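Okay, here we've got a single chain as structure tokens, the form predicted alone, with questions on binding and movement later.
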Amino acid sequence: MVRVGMLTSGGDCQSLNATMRGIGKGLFNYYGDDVEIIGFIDGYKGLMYNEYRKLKPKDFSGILDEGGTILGTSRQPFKMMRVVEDGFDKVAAMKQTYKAHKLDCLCVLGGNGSQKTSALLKEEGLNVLGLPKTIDNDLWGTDVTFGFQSAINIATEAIDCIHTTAASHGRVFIIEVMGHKVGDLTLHAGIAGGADIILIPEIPYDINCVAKAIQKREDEGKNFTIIAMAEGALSTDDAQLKKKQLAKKRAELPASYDLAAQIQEKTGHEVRVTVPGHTQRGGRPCPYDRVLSTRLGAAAAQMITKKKYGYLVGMHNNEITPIPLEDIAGKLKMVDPKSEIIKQIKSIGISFGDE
């Protein structure tokens, strides 16, 4: 009997269920009745406190296009430097649960923090496979993560909808897109939605350059401006602040509303802010993500049959590429300000607020 554990960790996103389906169907197709799949409830919390449900073939039917996660999820329950809290050794508890179920492998569907924990569990001697989940597309080593394209679609639709009201009223609209540290989602949604200005954390903006871009459009007879802005976008002044100073400032006034006030002061234009928020990580996965997730899940099942553990099941050049978990732990994939995509988008007149 082969025993495989499975959990979804961190913020939810589209295609968690589709990925688990790929793993489950792959395992049941290969092993038949000789496989047992244990689904831990609410992420690492379930692994820690041994809260689980046994998953049967029927549990993987009808969930390909279902949003959310059938196992539930929670934010990572501990920081790496606090594995022991109030006398409770969290890593020891997870290891104990793993061994109690006699698991051959644990599949972790999660983003950066979750996969950092996967790497830690690997170091502790457990067989682990990571699957790249995040709408931010910021996991090191893989070209793409599941949930990313679905979130792009939703953010793009928000920008599309804003265009008509912005044009009707002659206003400046800021659409705040998710992404605290990385701007890949904002970049792609901004391009797809035809934003005039795109602001991302990797390229600190100068308010004078933003005002100049708005004025340029006005001089060209265009009475509105669409700004796609990552929630973690920084001005050149903000970029000089220490982490705690910036956190305090953002707690008092979110970046998008701060920018709106500055634009209104600089240009006199009426400015509105739209925040799609958690809609970007909710709802049904798009067809692209369903295909990607099915491939990643199936590949994870194949790796289990070959006893190939300790990897993130990633994608490179549209091919499945296993990446050692220790190679990605603690690393963040960011948008390169000198990349081809940035140069190309600048060449058609879209401003990033830096020139």
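From a predicted model like this one, the values you see are computed outputs, not experimental measurements. One-based numbering along the sequence shown.
There is another form of this protein, the form predicted together with 6-O-phosphono-beta-D-fructofuranose (F6P), and it is not shown here; the text below is about that form.
Chemist: So, in the predicted bound form, is residue 178 in contact with 6-O-phosphono-beta-D-fructofuranose (F6P) at a 4.5 angstroms heavy atom limit?
Modeler: Although 6-O-phosphono-beta-D-fructofuranose (F6P) is absent here, residue 178 would touch it in the predicted bound form, with heavy atoms inside 4.5 Å.
Chemist: Within a 4.5 Å heavy atom cut-off, is residue 244 in contact with 6-O-phosphono-beta-D-fructofuranose (F6P) in the predicted bound form?
Modeler: Because no heavy atom of residue 244 falls inside 4.5 Å of 6-O-phosphono-beta-D-fructofuranose (F6P) in the predicted bound form, the answer is no.
Chemist: Using heavy atoms and a 4.5 Å limit, would one call residue 231 a contact residue for 6-O-phosphono-beta-D-fructofuranose (F6P) in the predicted bound form?
Modeler: Yes.
Chemist: Mark residue 214 yes when one of its heavy atoms lies within 4.5 Å of a heavy atom of 6-O-phosphono-beta-D-fructofuranose (F6P) in the predicted bound form, and no otherwise.
Modeler: Looking in the predicted bound form, residue contacts with 6-O-phosphono-beta-D-fructofuranose (F6P) do not include residue 214, since no heavy atom lies within 4.5 Å.
Chemist: Are all three of 135, 278 and 281 close to 6-O-phosphono-beta-D-fructofuranose (F6P) in the predicted bound form, meaning a heavy atom of each within 4.5 Å?
Modeler: Every listed residue reaches 6-O-phosphono-beta-D-fructofuranose (F6P) in the predicted bound form, so yes.
Chemist: Quick one: which of 93-101, 178-186, 159-167, 246-254 gets within 4.5 Å of 6-O-phosphono-beta-D-fructofuranose (F6P) in the predicted bound form, going by heavy atoms?
Modeler: It is 178-186 that comes within 4.5 Å of the partner.
Chemist: Looking at 266, 272, 222, 75 here, can you tell me which has any non-hydrogen atom within 4.5 angstroms of 6-O-phosphono-beta-D-fructofuranose (F6P) in the predicted bound form?
Modeler: Only one option qualifies, and that one is 75.
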